[in-house]
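Given next, in structure tokens, is a single chain: the form predicted alone.
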Amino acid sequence: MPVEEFVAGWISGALGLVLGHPFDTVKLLGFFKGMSFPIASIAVVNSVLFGVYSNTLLLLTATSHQERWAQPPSYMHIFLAGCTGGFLQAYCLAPFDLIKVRLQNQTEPVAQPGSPPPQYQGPVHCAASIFREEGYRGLFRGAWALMLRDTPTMGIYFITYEGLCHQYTPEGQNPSSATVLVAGGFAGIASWVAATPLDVIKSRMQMDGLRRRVYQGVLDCMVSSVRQEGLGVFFRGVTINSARAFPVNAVTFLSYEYLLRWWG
């Protein structure tokens, strides 16, 4: 099993996170709040996504990453490989994403003399607190919504990227840097437009249990959210997600492609 895709995914994921984290926390306190933990975790998760995607595509088509520009795989194979990568990525991501969301939504100011300390002192303390108060299953709160979000959207993600690259690249050649940047950016937007409804539900499920349980499950969260706020709730944050997605995924794919070419 080729490991270059895992390593390239790890590095490109870290670079993308550094660029995109301010957008991810723009509505909260501090652009880089909670960044130290996700910069390590998202790199690992991204390596799973790109590594599983590339190796699944290798199993389905028997062509390496370098050969795919000359022998493009079918969109069905791309979609299936993307869905596989998205499913496994979501399972790995769930505890890390939960901790990130809890830390980012911890809006207590830095403790002053005489004031109570914030609920979570950092990622390790946050994980330990969730495990102690909510059990092992608490660390995977929102995981089903995350898997429902990432499995199909990662298929859309890679189809958009590969399709745009092949459309604007002469046959048999590698895509140019400009093509990779644009294709990666639009792949990010396409995946987030599709993912935003379940991302809203995922975030609500992750915050559920912080003080008291509100939702009985993913379906109950969906129904309750629509009943209280209307269908528009599912597209809350789509603008900021799209604004963040273009530069983050453009840089992610560009660094990924260049690393593989460098090693290739």
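Just so you know, these numbers come straight off a predicted model, no measurement behind them. Sequential numbering from 1, following the sequence displayed.
Omitted from view is the form predicted in complex with a small molecule, to which the following refers.
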query	finding
Partner-contacting position among V218, L58, V48, A195 - heavy atom within 4.5 Å of the small molecule in the predicted bound form	A195
A81 within 4.5 Å of the small molecule in the predicted bound form, heavy atoms	no
Contact of Y157 with the small molecule in the predicted bound form (heavy atom, 4.5 Å)	yes
Proximity of R102 to the small molecule in the predicted bound form, heavy atoms at 4.5 Å	no
Close approach of V251 to the small molecule in the predicted bound form, 4.5 Å, heavy atom	no
Segment that reaches the small molecule in the predicted bound form - one of 129 to 137, 186 to 194, 71 to 79, 166 to 174, heavy atoms within 4.5 Å	186 to 194
